[in-house]
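Take a look at this one chain, the form predicted on its own, written out in structure tokens.
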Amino acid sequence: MKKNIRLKNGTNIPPLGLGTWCIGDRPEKAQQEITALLTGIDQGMTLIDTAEMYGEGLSEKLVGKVISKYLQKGNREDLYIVSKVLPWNAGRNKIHQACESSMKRLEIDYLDLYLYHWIGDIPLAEVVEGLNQLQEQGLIRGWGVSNFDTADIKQLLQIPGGENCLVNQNLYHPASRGIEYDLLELMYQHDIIHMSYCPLAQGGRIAKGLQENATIRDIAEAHNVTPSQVLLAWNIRNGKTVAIPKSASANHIMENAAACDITLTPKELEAIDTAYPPPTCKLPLDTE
């Protein structure tokens, strides 16, 4: 796997992790999903991303089972567990309980990273205060945000303690590159790592024919890999993005992990830019 990405708090995380959206929702698939996630961990995808919103806690419960099984042979410190707090649970009266409830479902006594899932009605300064308190109390090792655009990050950085933000998680793939216009550069200036969800554009409106695109397929053929692997290699190409593809299949996760060994050439990156041009103006933040 490619070189780990170092957060500004000194923690190293892998460039590819495991997404868990819609994982844990169906009991009949639980064993398959547990096996898939354990396979990912064995392949070096030791970052697992979940949220209290996913399946109303069912995803966290399944990840808890994965962690429990892993700890039979491995160490907690080898894993990097990420969860998210819903906007209406992020105020000073609820954020501690929300965090503790997530940890209970996950069967752990601290979170490596806790993300504010998206901006809600609670004043951002209050959310930042709560996140920093959780970190001071040792319940979380670090915190970040999700679905924050440029103006949101600027506001965050003006709040005392806001500079402690480690990560901003957003949707990102070749057909959704709006964050490249000004958001990513602002994040880089303040050493905020980008975490990319839906890097394969799975499902719904965001499935923009990426897997079938002739350019992507030609590059995949040249490397003797799959289009999905090309998309992941593109996503993590600069060493400043962590991608968290979701899969409930051990075989697909093995395939995803192998994307770390792919280095796209300048000509291939240029071809992708031609097929899916970078933004030339500010675009609304894409979330679906």
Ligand SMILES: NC(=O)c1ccc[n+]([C@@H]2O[C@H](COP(=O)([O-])OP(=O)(O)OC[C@H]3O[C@@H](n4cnc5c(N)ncnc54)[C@H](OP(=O)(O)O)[C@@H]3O)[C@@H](O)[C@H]2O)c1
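Throughout, we count residues from 1 along the sequence that is shown. Model, not experiment: these values are computed from the prediction.
Keep in mind that the form predicted together with the named molecule is not shown, yet the notes after this line are about it.
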Selected contact from Ile81, Leu200, Cys165, Leu183, since only one has a non-hydrogen atom within 4.5 angstroms of the named molecule in the predicted complex: Leu200
4.5 Å heavy atom contact with the named molecule in the predicted complex for all of Asn147, Ile244 and Ala248: yes
Among 212-220, 192-200, 88-96, 124-132, the region lying within 4.5 Å of the named molecule in the predicted complex by heavy atom distance: 192-200
4.5 Å heavy atom contact, Thr46 to the named molecule in the predicted complex: no
Trp234, heavy atom within 4.5 angstroms of the named molecule in the predicted complex: no
Contact flag, Trp21 vs the named molecule in the predicted complex, heavy atom cut 4.5 Å: yes
4.5 angstroms heavy atom contact with the named molecule in the predicted complex for His252: yes
Any residue of 95-127 that, in the predicted complex, places a heavy atom within 4.5 Å of the named molecule: His117
